[in-house]
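Just one chain follows, in the form predicted alone, and it is written as C-alpha cells.
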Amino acid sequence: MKKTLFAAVLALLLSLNTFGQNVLTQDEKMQWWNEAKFGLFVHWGPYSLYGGVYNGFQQARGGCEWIMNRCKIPVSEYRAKASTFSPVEFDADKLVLMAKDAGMKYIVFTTKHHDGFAMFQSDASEFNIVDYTHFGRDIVDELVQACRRHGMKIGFYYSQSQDWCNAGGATARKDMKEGWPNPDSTYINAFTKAHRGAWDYRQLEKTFDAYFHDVALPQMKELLSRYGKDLAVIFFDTPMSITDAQAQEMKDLLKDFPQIIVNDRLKRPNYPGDYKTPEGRIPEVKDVEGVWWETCMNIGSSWGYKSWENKWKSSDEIIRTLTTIAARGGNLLLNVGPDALGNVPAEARTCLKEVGDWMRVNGEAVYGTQRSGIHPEWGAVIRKDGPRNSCCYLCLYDLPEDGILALEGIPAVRKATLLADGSPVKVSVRKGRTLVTVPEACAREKFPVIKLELKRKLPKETLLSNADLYFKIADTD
C-alpha cells in the first residue's frame, strides 16, 4: 500500500514538473532565436533535376522550385522524373558544417515543398524519397542526426496547403507564359482559370479537406512524433485554401512542443505565429517596429537549384544585409539550393566561407543583439544589452571623408574599441552629439566594427508575437 501511494505521489510530482517545463514566456521561447540571428534555409527536392529548364526552355519567371507549376508539367510526368531522384553525393554533416563555419546557428530544411514530394519516409503518401525512389535514404533523418552531432538547431519548412502531386492540394494559378512557350497555352490558361490553378485532372480527384486530412496533417504528425523534441522552428508557407478550423488542427499538434517557434504563414490573419517573414528584402524600419521578424533571402535568384544561375550575391552584400537586418532587430535566413546530386553550388559555398571569415572576427556585433533605433548613412548601429550596461556596435560600410562618425542619441560612452583587435578608439562629445574618430586601421578591414560600451543599460524593448502585421509571400526575389 505504501509503495502504491509513493508511486502515485511520485507520478504526480513528475507530471507537475513536466507541466512547469512546458510553460514558457514568449521572451523565453524566443531567446535562442534572438541570440542566433543568422540561419541557413535549404530548398531541395526533385525539382533540382530540372535545374529550371523544361523542354529545352529556361523557365521564364520565378524560383526553379516552381517549375512543375509554371511549366504545367503533368503529374504523371513529374512523378516519373521524381522517381529517378538519387542525390548520392549528399552529405548531411558537410551541409551542417558549411552552415556552422559561415556563422549560422540554425537550419530550416524543406521537408515537403509545393510539389508534394516528401524528403522523409511517410505513411501518408508514397510520394517520398524513401518509398518512391531507388535512392531510398531519409534525408530529413540524416540531417537531424547531423544537427545533433554538431550542435546545430534544426527547423522544418512544410507546405501545408499547396501540393501539386497529391490529389486535392491547393495549386496557385500562374499563366503559361511564366513557364515555357507551350503551343497549347490558351487552352491551359483557360483550364487553370476554371479549376483554381490546377492544370491536371489528377489534381482534382480529391477535395482540399481530404488532402489536408489524408496527407498534410498526418505528415506533420509524423514529423513531430519523430523529431518534435529536436525541432526549433516550423516554417509554414502559402496558406491559400486552408481554413481556420484546419489551421487550428495543425496548431493543436504543437501543444506538446512549446519550444517550437512558428512563423506567420499557417493561416492569415488569424494565426499570426511567433514572428513575421518579409521575403527577399530588408523591410523599412517602420514596418517591423515592436515585432520579432526574419528576412528569408536567396544567395542567388532562385530558391531551388538553377542550372543557369548568374546572379549570385557577394559576401559583401550578405554581410551588409545581415548587419542592416540586425540593426533593425531581425534575423537573416539565407537560402541555398543544392543540385540534383546533393551538392551546394560552388559560388554559394565560396560566399558563405567569406561571410564566416568575417563573422569569426565580428560576430559579437550580430549575435544576441537588438534594434538600436539609430540608422546612419555610413553603416549600421546595432545594440546589445549586458547585465549592467548596453553596447552599440558601429558597422562601417563607408568611411567618412573627415574620419569622424557623428551620432545622435547615444548615451555616455565608457569605452570604445575596434572590435577586430581591441585597440582603443577616440570618442568625444560636442553639442550633444557623440563623435567617434575612425582609426586608420579601419581602411584595411572589410566592414570594420567599432564597439561602444555605454555607461548604463538602455531601457528594455517590448516585442510582440501576435501583431496584425504580415508581409506578402513571394516565390522569387
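Note that the structure is predicted; figures quoted are calculated from it, not measured. Residue numbers here begin at 1 and follow the sequence given.
There is another form of this protein, the form predicted together with a small molecule, and it is not shown here; the text below is about that form.
When contacts are defined as a non-hydrogen atom within 4.5 Å, none of Arg79, Lys306 and Asp339 contacts the small molecule in the model of the complex. Between the small molecule and the residues Phe120, Phe127, Tyr157, Trp292, the one pair within 4.5 Å by heavy atoms in the model of the complex involves Tyr157.
Residue-level contacts in the model of the complex: of Thr207, Thr350, Asn389, Thr238, one residue has a heavy atom within 4.5 Å of the small molecule, and it is Thr238. Only one segment in the set 61 to 69, 441 to 449, 421 to 429, 28 to 36 has any non-hydrogen atom within 4.5 angstroms of the small molecule in the model of the complex, and it is 61 to 69.
For Phe41, a non-hydrogen atom is located within 4.5 Å of the small molecule in the model of the complex, even though that partner is not displayed. The small molecule in the model of the complex is not approached by Asp274, whose heavy atoms all lie more than 4.5 angstroms from it.
In the model of the complex, the small molecule stays beyond 4.5 Å of every heavy atom belonging to Arg328. Heavy atoms of Lys267 never reach within 4.5 Å of the small molecule in the model of the complex, leaving it off the interface.
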